[in-house]
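Okay, here we've got a single chain as structure tokens, the form predicted on its own, with questions on binding and movement later.
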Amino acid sequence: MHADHYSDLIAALQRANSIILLSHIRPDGDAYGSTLGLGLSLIAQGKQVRIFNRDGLNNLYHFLPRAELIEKTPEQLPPADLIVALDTSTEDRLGLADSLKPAVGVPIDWNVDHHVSNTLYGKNQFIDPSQPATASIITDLIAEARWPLTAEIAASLYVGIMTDTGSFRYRGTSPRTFDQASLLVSKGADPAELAKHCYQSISLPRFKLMQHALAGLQFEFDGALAHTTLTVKDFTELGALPEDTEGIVEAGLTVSGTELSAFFELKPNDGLKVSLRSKGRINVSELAQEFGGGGHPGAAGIGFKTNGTASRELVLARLRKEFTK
């Protein structure tokens, strides 16, 4: 379902007194920014709002206004009039406990997202792939509804848009995106300060992890394909956390002539997380979907719960096939 207007979603949020907002595991700036932005605007209207994420608050984003509102998802969600999932393409990525997945029906009332690969779970969907971030959707929703847009709300939404567009570099960034950013800055979002927190305040273990990943970066097909791999041992030895991998896959694309960058993260219990980025010629969302993943044409991901090492070789072989056609 492609979203054309906000009226039904606005009406549902206005009717509800208690609202739960959820976002995806391994949260990024858009997951936090869109949930906090919407949550703070609803709280300003007197709504009771709880913001849950299975992984809680990533240390990098502790600077976000009212970040303490982000709680780890409990085994059993508290009662609420409305449950909204944001920025999450599949229900599994919400990381809900099995007890929250009834055999009949789904617990999600509204599924609000911008990923073209969204599986349309939930009772209602608002999916707009033309928007580069879910925070973009929430910015437009708040503007259309004429809901509160304070400096705190603007900062959260700006971080969501800034990080999901790669600081307005990725394809999908449009004149509307800059209009949204302009609105948020006019309401009090500080671009320089927020960029400093996102890009110039990383921990030393995170920096060392990036350094190690770049040292292991391999190039094939005259540099057109770049890939690197991190193991569980790498994280242990460097004292890094899974959340510290953000930005690694993008680094491969900084080289002139590189068309596709892949980052493989081997997980405990032999799982694997794959991140893919493209400069545009190759649709990585389609590649990811072949392995049960998804995302955008320029940015996508895949998750494997088992057979991580073997799965890495399968994905790598498929990527190489793109360059041998």
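Numbers follow the displayed sequence, beginning with 1. Given the structure is predicted, the values throughout are model-derived calculations rather than measurements.
The next section is about a form of this same protein that is not shown, the form predicted together with a small molecule.
Remark: residue 308 does not count among the residues lining the small molecule in the predicted bound form, judged by a heavy atom distance of 4.5 Å or less. Among heavy atoms of residue 53, none comes within 4.5 Å of the small molecule in the predicted bound form. Contact check for residue 293: a non-hydrogen atom falls within 4.5 Å of the small molecule in the predicted bound form. Among heavy atoms of residue 273, some come within 4.5 Å of the small molecule in the predicted bound form. Of the candidate stretches 56-64, 273-281, 252-260, 41-49, only 273-281 has residues whose heavy atoms lie within 4.5 Å of the small molecule in the predicted bound form. The partner is absent here; in the predicted bound form, the one residue of 266, 70, 299, 287 having a heavy atom within 4.5 Å of the small molecule is 299.
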